[in-house]
Structure formats: structure tokens, C-alpha cells
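Encoded as C-alpha cells, the following chain is the form predicted alone, with no partner shown.
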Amino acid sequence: MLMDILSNPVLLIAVPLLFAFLAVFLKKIDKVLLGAAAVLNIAGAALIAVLYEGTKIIELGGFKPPFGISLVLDDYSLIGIVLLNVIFGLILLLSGKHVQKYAMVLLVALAALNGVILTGDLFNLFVFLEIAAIAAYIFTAMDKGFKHSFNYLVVGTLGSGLFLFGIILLYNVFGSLNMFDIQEKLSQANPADSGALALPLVMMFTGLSVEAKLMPFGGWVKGVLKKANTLVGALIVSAYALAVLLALGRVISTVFFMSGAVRIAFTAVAAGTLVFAEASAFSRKNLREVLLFSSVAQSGLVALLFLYGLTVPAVLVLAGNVVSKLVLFTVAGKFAHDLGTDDIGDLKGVFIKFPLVGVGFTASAMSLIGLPLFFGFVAKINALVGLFDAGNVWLPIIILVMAVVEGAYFVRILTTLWNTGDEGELSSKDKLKTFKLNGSAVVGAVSVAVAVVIVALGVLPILNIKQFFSVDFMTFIGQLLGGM
């Protein structure tokens, strides 16, 4: 009985909310409350994973679906909550003093992001997204970036309004807001009626695209992340990206009934995001700018995979991206804060001074590129195989070309950060600048730990060729989680 209570996913939302309420009155220990909530949520997510026995619908208020509020715990949301709470905890660990003034806001954000992943109801998805967005508006202004935060607020509000109006129209058609109830009704719908669904689906997709950073709706990203500190940058590109893209995937797989024209339009947005963002990242010389455009590109790739029903490859690519970006953006933020710059040319040879940080950064970058023996390779090969199996040729070609572009700019970055000399010159410690990085031991330890996980999850599937090339790879990951 006790274990059932402790493993209830509702606690992942309720505990941070309770601690946020306490933080209002106990401001002197709000940081302690934030740390305690993060630890409890990690423990709770781990316990849920260990005791997981299959899909479970959690009914709130005693109302059975499709009435009332319900949370959904299945393979999809299980991986989401485990990743989210671990990533959130690591972000807090690595952010240091940046969390001091925003403990209560971060507690609210943690609760909302868990709700985004777990909810099975469209209106409650809107509510959780709004709560998470309000928290983001607050902490993105923490470094006096009021103008960019205001732009984010305006665009986010418009996106939320479109999403809300879309679900109102969808409710008018189906009389339900429960995603799985709508999915069942869609399976019985006449394909000729798909035109009536086009408007609400376009509005919902556009609304979600704002937070998912899809172009042109994610224009706010550059202003917010170009000079973001370790906390804001890592939260947006890792924790928020994970929750929002998982929500997008859930909505696409349950309530989207797409005609050919709608699918083509959505594909153009996702593929255009991938191409535009990779080209933008290639042309930048500021490390955080490169990483923010790389994050936008990965969002486009994940959305593209969800649109073509490749849920498992999409989740794998998303997981690899958010874990790698956690390390990459944290390191870039530390450079900017402690060294006064994250211009790539000014950081020549910095990894010679901080090799542990360099190893973690390098492994994360290699995984993003999709090189063998790293988790990113497993994710991308699953995506390519899935698209080829579906008879699609052009999208894999686009993905491969963009992977080459991504590889080019990351190799350029790594070459510069590991080499003290200019291009064509031998590297020498005599040319090494004086770099001082506060907390480099903690950042290095976490970076190396993440690198070990990335390599392990890249090697283990290759040892089992059948699992490696199978779309059932999600089951394999689930078994790994359940065996922890």
C-alpha cells in the first residue's frame, strides 16, 4: 500500500507545488526546499520505473475518462518523467548561485513540466504549458534580458491562444478533450471529414510550435538564449525542450488526423526548421549561438519523425539531444560567466586546461553528430531506417546532409577548443591563455558521467544487432530503466 502511494505519478506534480507554496513563507530555506523537491522527484521517478507494470490511467477526482482529469503512465511518459527529473536535478546542481532568487519559480516549473508529460487531457495540457511558460518568462528575464523576455511573452501568449482556440474547435467536433477518447473517435471517422479538422489541427500545431522552437514560430529563441546563463540555457534547451516535444508527439499520435496537404505543410515547417537552423549554426562564431541553433534544428528533426509516425526514433533522438545539450550549454554558459566570453576564437586550448570538461563536451558533441559508439548514432540510425522502411527517400537525404553540416561545425569547435594554435600551427602549452573556471571539478565530473552514459547506451545496443536495427528499441531502453 505504501509503495503504491510513493509510486503515484501525481506526487511528481504535487510535491514541487507543495514546496513552492511553502517557499512563499519560508524564503530563507527556499533553495533547500527546491533541492529537496528535486531529489524527491528523482527518487519518485526511479521508483515508478522500477515498479512499472504497463500502461496505467490515474483518475483524479473520482471521474473516469473521458470525464474529469486523468494522467497517463505508459512507456512513453515513463521515459519522459525519468529523463526530465534527472535532467532538472543536474541543471540545479550545475547552476550554482543562479537558482537562489528563483527557487519558487523553478519549483512551479518542475511541477508543470511533469504535468505536461503525464497529462492525457488537452485542456490540462494547455494549463500545464501555460504554467511552465509563465515560469520561463520570469527566469529568462533574470539577467535583465527584459526586451527578449517580453518578445517571448508576446509570441508565447499568441501561441497559447491559438492552441486553446484549436482545442475548443476540436471539442466542438468530438465533444471530448481526452486525447485517447478523441483517438478512438478518429479511428471511426470518415476520411472525407478530414477537411473539417484541418483548421483546429493547424492552430494547435502552430501554438505548440512556439514552445517547440519550430521556425518561423520560434523566433524568440535567439534573443533569450544568445546570452543565457547556465540555468536558463540548460532549462530551455533540455528540460523544456524534452517536455514540450514529448507533448507535441503525444498530440500528433493521438488527435492529429492529417490530410495530404496538412501533412505536407507540417513537414515543410519541420524540415525547413532543420535546414535553416543547421545552416545558421554553421555560420556562427559564438558558442551559445551555435548551440541554440543546433537545438532548434534537433527540434525540427524530432517533429519530423513524430509527423511520420516514428515515435521510437523520435524519442531516441530527443533523449540524445537533451542530454547532450545539458552538458554543452552548461559548459558554454560557464565559459561566458567565468571567462567573460564564449566566442570560439577566444577559447583556444581551453580544454587542455580543463580536460574533464573537454572530454564530456566532446562526447556530447560526437553523440549529437551521430558518430558510431555514441548514443546519437543509435538514435539517428533508427530514424533513418524507419524513414526508409516507410518508403521515404528525400527526408533521409536531407537528414544526412544536415548531419554533415552539423559534424563540420562541431569538429571546427572541438579543434579550436583543444588546440592552442591557429589553423595549420602546432598546439603548444606555451600559447595557452590563463583560464580560470569556477566549479570546474563539479562540471567536469558531471560531464564525464554523462559521457559514460552516452557511450554505454551507444555500445550496448550494437552488441545486440537485432535490437539495434529494431523499432522495438524503446522496449530495450525500458528494460534498462526497469533494471536499475
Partner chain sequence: MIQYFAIALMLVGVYGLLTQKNVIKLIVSLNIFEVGLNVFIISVGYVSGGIAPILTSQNNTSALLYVDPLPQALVLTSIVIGVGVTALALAFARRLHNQYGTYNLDEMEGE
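Residue numbers count along the first chain shown, from 1. Since the structure is predicted, the reported quantities are computational estimates derived from the model, not experimental observations.
We do not show the form predicted in complex with the partner chain, though everything after this point is about it.
Chemist: Which one of H148, K348, R288, K334 is close to the partner chain in the model of the complex, taking close to mean a heavy atom within 4.5 Å?
Modeler: Only one listed residue qualifies here, and that residue is H148.
Chemist: Looking at A403, L177, V322, V82, which is the one with a non-hydrogen atom within 4.5 Å of the partner chain in the model of the complex?
Modeler: If I apply the 4.5 Å criterion carefully, the residue I get is L177.
Chemist: Hey, of 326-334, 150-158, 292-300, 245-253, which bit sits against the partner chain in the model of the complex at 4.5 Å between non-hydrogen atoms?
Modeler: Every other range fails; the passing one is 150-158.
Chemist: Is there a heavy atom of D74 lying 4.5 Å or less from a heavy atom of the partner chain in the model of the complex?
Modeler: No, D74 stays farther than 4.5 Å from the partner chain in the model of the complex.
Chemist: So, in the model of the complex, is S283 in contact with the partner chain at a 4.5 angstroms heavy atom limit?
Modeler: Contact check for S283: no, nothing within 4.5 Å of the partner chain in the model of the complex.
Chemist: Please run the contact check for L169 against the partner chain in the model of the complex: heavy atoms, 4.5 angstroms, yes or no?
Modeler: Yes, L169 is a contact residue.
Chemist: Does any heavy atom of L90 come within 4.5 Å of a heavy atom of the partner chain in the model of the complex?
Modeler: L90: no, not in contact with the partner chain in the model of the complex.
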